[in-house]
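Presented below, as structure tokens, is a lone chain in the form predicted on its own.
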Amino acid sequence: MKGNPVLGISRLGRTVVQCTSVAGFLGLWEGLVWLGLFPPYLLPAPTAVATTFVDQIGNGNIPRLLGYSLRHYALGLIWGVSLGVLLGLCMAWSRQLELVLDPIIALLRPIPPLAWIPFAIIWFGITTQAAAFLISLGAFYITLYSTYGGVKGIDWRLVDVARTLGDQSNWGIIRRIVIPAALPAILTGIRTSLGQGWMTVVAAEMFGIQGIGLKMLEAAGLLSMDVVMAYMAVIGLVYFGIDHTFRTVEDRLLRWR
């Protein structure tokens, strides 16, 4: 049986193929705009977007607005991930707590974070906390279910062995047995929450909170689509860095696998 030919490509070869693919896509995009198939106010050319990107960095808009957005993002993640991990552990460990909370969470889970915008405004006003609250909702449910599933999926004979060896403390067992065993699933949930939270940032800022989202909304209202796409590029590049960093940390935490 023939092997997968992709596996025979070196790392340099894969990089060349990927760079060529991106260059081809950008070239096609530039050509379509140059031929006049799309007016610039609907689809600006990559060169126009790149020029605007550099200008927005030069005038300080991108660093300033990105700072606002990262603050909303970080605070929302801290709230959502912390509560999700804690509640997921507690529900998986305590059958009684699971019975009480499961129907409530099942009712609230389908409600999208953006549906909570009126409550965010009433409770927190047009503030960082309002944006962080919306971001935390998406991160919370993802982390909750990944943590719950990870704990439920561990080999509970490990817990029995720990109790046999004299460790009767629930906290001790959770800290030394349950959390390490469920850590791969927990980290997967956190990584997914990183992406979900970053996608929510733009929408969470569009009702008047300073950040990338509000800037994109204002630019779209003026048909400055080159500005909109420049900030879309910022969103993609920043998340690429966030995800790459988290994967590095995850590999180190799970090097025992």
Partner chain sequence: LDKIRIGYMPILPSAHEFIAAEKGWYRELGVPVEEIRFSSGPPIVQAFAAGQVDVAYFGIGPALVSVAKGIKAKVVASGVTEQLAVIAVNSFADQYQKEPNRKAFLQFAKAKGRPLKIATFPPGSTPNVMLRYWLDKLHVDPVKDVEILSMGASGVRLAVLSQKVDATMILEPIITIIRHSPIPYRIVVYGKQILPGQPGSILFVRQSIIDERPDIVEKLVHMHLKATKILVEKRDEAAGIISRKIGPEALPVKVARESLDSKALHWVANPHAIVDGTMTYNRFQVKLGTFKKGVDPKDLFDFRFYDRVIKAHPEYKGY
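Positions refer to the first chain, counted from 1. Model, not experiment: these values are computed from the prediction.
Only in words, not in the display: the form predicted in complex with its partner chain, which the text now covers.
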Although the partner isn't part of this model, could you tell me whether residue 41 comes within 4.5 Å of its partner chain in the predicted complex, counting any heavy atom of the residue?
yes
Can you tell me if residue 126 lies within 4.5 angstroms of its partner chain in the predicted complex, counting non-hydrogen atoms only?
yes
Is there a heavy atom of residue 121 no more than 4.5 Å from a heavy atom of its partner chain in the predicted complex?
yes
Classify residue 35 as contacting or not contacting its partner chain in the predicted complex by the rule of any non-hydrogen atom within 4.5 angstroms, answering yes or no.
no
Residues within stretch 200 to 221 having a non-hydrogen atom within 4.5 Å of its partner chain in the predicted complex:
208, 215, 217, 218, 220, 221
